[in-house]
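Only one chain is given next, in structure tokens, and it is the form predicted alone.
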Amino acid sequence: MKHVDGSMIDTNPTVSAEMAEELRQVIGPRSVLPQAALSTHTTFKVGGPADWLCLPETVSQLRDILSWINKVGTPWIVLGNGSNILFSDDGFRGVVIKIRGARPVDHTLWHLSHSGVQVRVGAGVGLARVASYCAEAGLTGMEWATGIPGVVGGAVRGNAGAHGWEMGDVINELEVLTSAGMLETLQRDSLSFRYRHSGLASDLLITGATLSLTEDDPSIIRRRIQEYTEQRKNTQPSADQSAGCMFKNPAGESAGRLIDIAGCKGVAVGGAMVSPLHGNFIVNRGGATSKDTLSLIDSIREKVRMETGVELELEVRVVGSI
């Protein structure tokens, strides 16, 4: 079995329809899809087909998928809402496990509940929904997440953040599934959160988290959410046309500002264009390919390097043979 950690790879198909039928019998035919277009499962709308797309709803199904993957020895990767990732135009030769729920449901990978200031949430719950839920419960600490298109699992993995907050600020415990199918609970002090990094081993699957928040007036929390929403709307492109921030912010600096200084706003390659609103977003203006996007990324990095001397580091994961 080969887990993909987000680096560029080139893999060959390893799972036949007959082999996949075994998994379909275990978790249901509607939960195992062949040749699924990854462009329809990512916010950037780019990416060819995955050999197989698995849609688990429970930890038990996720465990069955991992057991099967161990047996057939195919590459695999976990996907949430599909933000912060760029798949190859050739797709992914292996299994994509998508953990994303439309609405909270008990006993699934998208459960959501609270007791006091502790919020228990499944890995597949969208961050905007968590922020709204916490506001109604009078719990502050997640307002910043309202405009981020990802889900809890991916946000924890990459320690997503905004407005001076990060996921690491509110995590109390993590529930993870090992590649061998063992369910474990990790305490906050065993994790190594830093900027856009959680310190989690790449083959641990996040199934849920417990957040530790603070009580506050719901009306004040909702007001903060509205302020953040308006700010994001006025300064960033909509979430359904980009992969999120393309580059990490260099220490003490803004990647978007550096890209603006380098004169890259509005620059395009094919269907991929640097957003006129915010330089650290590349938008799909229609028909963008991964080849277009990577060519534009190279151009941005070179111009920023020449103009400022700073080497920009990608925040978005690039997966597949490009």
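Heads up: residue numbers just count along the shown sequence, starting at 1. Just so we're clear, the structure is a prediction, and the values are computed from it rather than from any experiment.
Only in words, not in the display: the form predicted together with a small molecule, which the text now covers.
Highlighted residues 41, 98 and 108: none comes within 4.5 Å of the small molecule in the predicted bound form, counting any heavy atom.
Per the 4.5 Å heavy atom criterion, the small molecule in the predicted bound form is contacted by stretch 162 to 170, the sole one of 162 to 170, 74 to 82, 200 to 208, 88 to 96.
Put simply, of 221, 130, 119, 245 only one has a heavy atom within 4.5 Å of the small molecule in the predicted bound form, and it is 245. Residue 260 is the only one of 64, 292, 57, 260 with a heavy atom lying within 4.5 Å of the small molecule in the predicted bound form. In the predicted bound form, the small molecule lies farther than 4.5 Å from every heavy atom of residue 114. Within this chain, residue 254 lines the site of the small molecule in the predicted bound form, having a heavy atom no more than 4.5 Å away.
In the predicted bound form, the small molecule stays beyond 4.5 Å of every heavy atom belonging to residue 47. Using a 4.5 angstroms threshold between heavy atoms, residue 236 counts as touching the small molecule in the predicted bound form.
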